[in-house]
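In the form predicted alone, a lone chain appears below as structure tokens.
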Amino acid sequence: MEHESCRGGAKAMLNLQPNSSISTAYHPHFGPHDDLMLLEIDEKLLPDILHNRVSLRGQSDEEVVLCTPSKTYAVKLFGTSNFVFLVPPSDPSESSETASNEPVVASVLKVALGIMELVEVAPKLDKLKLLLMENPYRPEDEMDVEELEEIEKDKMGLFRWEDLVDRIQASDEELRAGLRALLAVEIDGYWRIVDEKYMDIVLSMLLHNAVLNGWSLNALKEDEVVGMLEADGFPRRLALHCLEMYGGQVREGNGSNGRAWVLDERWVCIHFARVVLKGGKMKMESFMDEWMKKIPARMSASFEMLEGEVLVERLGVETWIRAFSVSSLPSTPVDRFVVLFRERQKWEWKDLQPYIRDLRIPGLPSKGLLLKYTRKMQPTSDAEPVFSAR
């Protein structure tokens, strides 16, 4: 190819008929153009890209990902054995009369050595928990907003939404789902995880007020519950957060007036099981006795509620129980299975399943995860399968 004045940009290439050819030449501005990369995308992503609904996310020490409003994609560069020419649009200033007397030549601006492709991946949310746990919300954090604004936020480990978007490799939708899973709450513009001991105090006070005032745990009026907790010295946002953590709305209303909540029996019972096991493993009988004492009188607890929250061990004739929550495990499959098999060398399926059913890897079903990361042992077809590390 030679440098020459020519006509026929990308449009000429697009209009090229089968079994026909076109001459090529170097564009006057031909060069490496490192700021130009070729990206091959699925057609379903085109609207998001054309309407600027995508963003590249990642810190300097991370591999970049591309995020749409709802999904995360790894950006992979693939080499090619063929030349890939980047041909710009033709110059619109050319008159058709002048151009018609010149040969149709495609002017090549750049030769691409590879093409970037997008591969859907799971969001990287483990970092989110690490960031929010730098500074969990505690009672002593209840200070004036003006006083809070005078403190350097980064050094305190406080993060606004835009800070998390800048640091976490996940789409906005996935990031919000991650915040919900961590039971995080936005307080004065910053996303926080509330200290467990503090939430225990708030929940216990809510249950105490329910008994004193004869409230039904299936129809808690928001304005009454929040108003009473505020009178007890708790911030309004934390009172609402308690209802959001341990309950669900059963009736909408105008503002807080008329809104009603029901406490979720399972989440309340799990909370008190965690409180009881805070000190370490216990004999099953002792645990069940302490746990039942803490369960509200109008609730019914069953051991099945603790699936994915505790591990049971049999030592001789004794049965012991200890906390082991799926919420504390890594979200990436490789790290998750490393932790699981460090905990136990062999897992029965009924014990393993609660700890992997939340794993979501695009294009890889649950059976594929087991094949990739475990070995299955099953002496007979009717025997309980046992899994060990691959």
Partner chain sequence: MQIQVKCGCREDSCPEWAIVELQGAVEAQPSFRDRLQNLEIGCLCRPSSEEKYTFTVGYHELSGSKVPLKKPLLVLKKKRAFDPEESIDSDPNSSRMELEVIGIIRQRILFKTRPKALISKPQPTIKEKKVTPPGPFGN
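From a predicted model like this one, the values you see are computed outputs, not experimental measurements. Throughout, rigid core stands for the largest set of C-alpha atoms superposing within 1.5 Å between the two forms. Numbering follows the first chain given and starts at 1.
Just so it is clear, the following notes concern the form predicted together with its partner chain, a form of the same protein that is not shown.
Trainee: Quick one: which of 281-289, 209-217, 183-191, 108-116 gets within 4.5 Å of its partner chain in the predicted bound form, going by heavy atoms?
Mentor: Partner-contacting stretch among the options: 108-116.
Trainee: Using 4.5 Å between non-hydrogen atoms, is residue 325 touching its partner chain in the predicted bound form?
Mentor: Outside the cut-off, so no.
Trainee: Is it the case that residue 366, even though its partner is missing from this view, gets within 4.5 Å of its partner chain in the predicted bound form, heavy atoms only?
Mentor: Residue 366: no contact with its partner chain in the predicted bound form.
Trainee: Can you tell me if residue 85 lies within 4.5 angstroms of its partner chain in the predicted bound form, counting non-hydrogen atoms only?
Mentor: Result yes; residue 85 sits at the interface with its partner chain in the predicted bound form.
Trainee: Is residue 381 close enough to its partner chain in the predicted bound form to count, meaning some heavy atom within 4.5 Å?
Mentor: Result no; residue 381 lies far from its partner chain in the predicted bound form.
Trainee: 63, 319 and 338: each with a heavy atom within 4.5 Å of its partner chain in the predicted bound form?
Mentor: Per the other structure, none of 63, 319 and 338 touch its partner chain.
Trainee: If the cut-off is 4.5 angstroms on heavy atoms, which of these, 348, 343, 358, 40, is the one near its partner chain in the predicted bound form?
Mentor: Flagged contact: 40.
Trainee: For a quick check, can you give me the residues of 34-64 that have a heavy atom within 4.5 Å of its partner chain in the predicted bound form?
Mentor: Result: 34, 35, 36, 37, 38, 39, 40, 41, 42, 43, 46, 47, 49, 50, 51, 52, 54, 55, 56, 57, 58, 59.
Trainee: Examine residue 16 after superposing the rigid core and state whether its CA is displaced by 2 Å or more between the shown form and the other one.
Mentor: After core superposition, the C-alpha of residue 16 moves 2 Å or more between the shown form and the other one.
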